[in-house]
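Listed next as structure tokens is one chain, alone, in the form predicted alone.
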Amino acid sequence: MHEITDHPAFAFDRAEGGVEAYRHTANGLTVLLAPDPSGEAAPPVAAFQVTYRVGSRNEGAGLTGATHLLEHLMFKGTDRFNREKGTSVFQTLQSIGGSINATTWYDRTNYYAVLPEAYLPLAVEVEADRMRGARVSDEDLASERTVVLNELDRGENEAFRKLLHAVFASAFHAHPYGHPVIGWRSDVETVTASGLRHFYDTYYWPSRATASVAGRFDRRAVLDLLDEHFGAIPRGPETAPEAEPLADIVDSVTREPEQRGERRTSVRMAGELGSVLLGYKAPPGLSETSDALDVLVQVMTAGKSSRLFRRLTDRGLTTSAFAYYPRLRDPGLFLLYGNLAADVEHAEVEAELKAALAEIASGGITEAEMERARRQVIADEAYGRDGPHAIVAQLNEAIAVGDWTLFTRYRERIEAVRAEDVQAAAAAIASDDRLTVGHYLPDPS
């Protein structure tokens, strides 16, 4: 039974799976509370996170990488919290034992802190201050640009990352998923502080944000805190005041035209062993098929009884092989990867990867495979609830896909998947006309 907290500044929306959702009545800030059910017996630790519904999906030409670069600049400070005063975000929150960081992805950006419960007010104050108070200066951009370019250079030396970027760029000609989350180098080199400021002023508002709190805390006190620090911030320029509670904003993002034919790309760079990456067009992360695709990943990848291990690695064709399905807000890719063993040709591994998917599409999976995969997915979900940070991290991904209840309903959804659903999901994506093939060609010289 959930304990619903009446608060004059927040409208209660719903409660399920240990999470309570509220919405600030003045500015639309969504709040998710996941109190530790142990109550006073819980460790005195809390996690606080703000997720912005903005990622590389929202970047246009000339601004690729803006989300990631802005994430870096958000740590450079505000007039109140900054390094010159000895009060930067890191200095302020690490000095009280907090663990803080931020991440960027295709569909979201998040900032989080895990800290002693007593200092939760400080984390709320810091995040509210930089929601609208970030300086985003030319000087700070110059220093962080160097950091990001170094990060980009390190990625340029990783064959898998290069191949992944090449496959996404070939698979998506119009949708922003075609450019890397870190951005194209020329954009990172040339973006201006005013360009990032415009990006910040477009997306960093309460109506595009969700504040999540997990661990031990007092509900009423947290809602008071959130209202005190976020309540006076205007809702932002993009959401109508009459928007339905917790409704997601439908962004204006170019739709990817239907792919009509196989696409191929290759990456040649220093290395010893090649690899193959197949990207099949796949449905968005909230579709019913997406649950079956999560199970399909396990059937193909988990352990030495998996389809890819038995078909490829156990036969000496690859040193490793796996499937990966990132659940994205818009239609994305279902990926199959094989790292070639010595003296094995790309064509052979490519054919075997295709055959592994086609075999399931035509013949299905066994009940034993189904049960094993389902247990693994459910176990992974349970591990994702282990502690305040794990909970806000899982909520973060569900928010990014477009519905936080994906976190609370995930186990139920996976338990409903049947073997025939997995076969149908494999059949739905296994089309060469919607496939992008990538080869990494090692250059020993």
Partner chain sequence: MSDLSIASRVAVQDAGAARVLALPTGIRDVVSFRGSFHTGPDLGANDDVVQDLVTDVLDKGTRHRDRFEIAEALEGRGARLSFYSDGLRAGFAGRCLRDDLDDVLALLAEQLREPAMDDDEIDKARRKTIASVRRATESTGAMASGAFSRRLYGPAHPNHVLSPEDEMATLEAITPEAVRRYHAEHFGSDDLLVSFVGDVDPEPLATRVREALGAWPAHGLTATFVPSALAPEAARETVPMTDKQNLDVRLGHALPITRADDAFLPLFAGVFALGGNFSGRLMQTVRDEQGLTYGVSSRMGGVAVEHDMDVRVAISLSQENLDRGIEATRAVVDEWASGGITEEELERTQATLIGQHAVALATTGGVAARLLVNAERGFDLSYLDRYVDRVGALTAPEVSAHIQRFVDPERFVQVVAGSVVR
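Computed from a predicted model, the values in this text were never measured in an experiment. Residue numbers count along the first chain shown, from 1.
Unshown form predicted in complex with the partner chain; subsequent notes refer to it.
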**Contact residue in the predicted bound form, from Glu258, Glu272, Asp79, Asp138 (heavy atom within 4.5 Å of the partner chain)** = Glu272
**Message:** Between Ser207, Asn339, Ser170, Thr104, only one gets a heavy atom within 4.5 angstroms of the partner chain in the predicted bound form; which residue is that?
**Reply:** Asn339
**Item:** Site test, Arg161, Asp218 and Asp291 vs the partner chain in the predicted bound form, non-hydrogen atom cutoff 4.5 Å
**Value:** no
**Prompt:** So in the predicted bound form, does any heavy atom of Val147 sit within 4.5 Å of the partner chain?
**Reply:** yes
**Item:** Non-hydrogen atom contact Ala355 with the partner chain in the predicted bound form at 4.5 angstroms
**Value:** no
**Item:** the partner chain contact at Gly363 in the predicted bound form, heavy atom, 4.5 Å
**Value:** no
**Prompt:** Is Asn157 a contact residue for the partner chain in the predicted bound form, using a 4.5 Å heavy atom cut-off?
**Reply:** yes
**Message:** To test your reading of this chain, name the stretch in 24 to 32, 38 to 46, 416 to 424, 401 to 409 whose heavy atoms come within 4.5 Å of the partner chain in the predicted bound form.
**Reply:** 38 to 46
